[in-house]
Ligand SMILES: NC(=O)c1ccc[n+]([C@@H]2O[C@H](COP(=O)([O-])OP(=O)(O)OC[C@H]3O[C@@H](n4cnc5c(N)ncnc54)[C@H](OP(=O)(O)O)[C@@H]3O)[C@@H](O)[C@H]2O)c1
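Coming up is one lone chain in structure tokens, specifically the form predicted alone.
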């Protein structure tokens, strides 16, 4: 699959791109300008010398070319960028990592904003009704993505309304060493997943750490009769 990382020039997008390139996926870095995307590709090749499976495009071309989209942009840019790729994203899984933190409007990074749609992922689905939006990657610190010689010690909580799309992206996500996908159900659960992130940010600040994450335990114990 071709993975288009829309907004792939920031810390989180760059880290996700590096991990997918390392896993052997064909990665397309998207940005508002090709120059900015090309600069990100240079950074990736500095981390992974000799990598040939990564290239740069503007957001629209990246979304058109890719089979799966990953959105890694700040909340303030989410609406504009999604509308700019609306046609290209039609029918495709879109993994939205947007977190509606209060820091987007000058507030605290340990609190979530209220969104009328319920969550950033639900807003994405409302903006792109013909895309298959999946809330994903929200609770994984960008620091983890950059430690490329270690498995990521976190689960990846996802939710979405298209079961086939979730089944499609699960093995892709789990190509990143250490990640285990936990399907949390329909997209309405995104508000819960997104609100875990400010909790983790607060824990990281409290413990002077950058790697606080989440693991779900006990799911392998079978059903309770």
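Residue numbers count along the first chain shown, from 1. All values reported here derive from a predicted model rather than from experimental measurement.
Just so you know, the form predicted together with the named molecule exists too; it's not on screen, but the next bit is about it.
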Exercise. Looking at the partner-bound form in the predicted complex, is residue 122 within 4.5 Å of the named molecule by any heavy atom?
Worked result: no
Exercise. Is there a non-hydrogen atom of residue 11 within 4.5 angstroms of a non-hydrogen atom of the named molecule in the predicted complex?
Worked result: yes
Exercise. For residue 118, is any heavy atom within 4.5 Å of the named molecule in the predicted complex, or not?
Worked result: no
Exercise. Residue 86 near the named molecule in the predicted complex, any heavy atom under 4.5 Å?
Worked result: no
For this session: Using a 4.5 Å heavy atom cut-off, indicate which stretch of 86-94, 140-148, 110-118, 125-133 touches the named molecule in the predicted complex.
Result: 140-148
Exercise. Among 195, 64, 43, 32, which has any heavy atom within 4.5 Å of the named molecule in the predicted complex?
Worked result: 32
Problem set entry | Stretch 61-76: residues contacting the named molecule in the predicted complex, 4.5 Å heavy atom cut-off | 72, 73, 74, 75
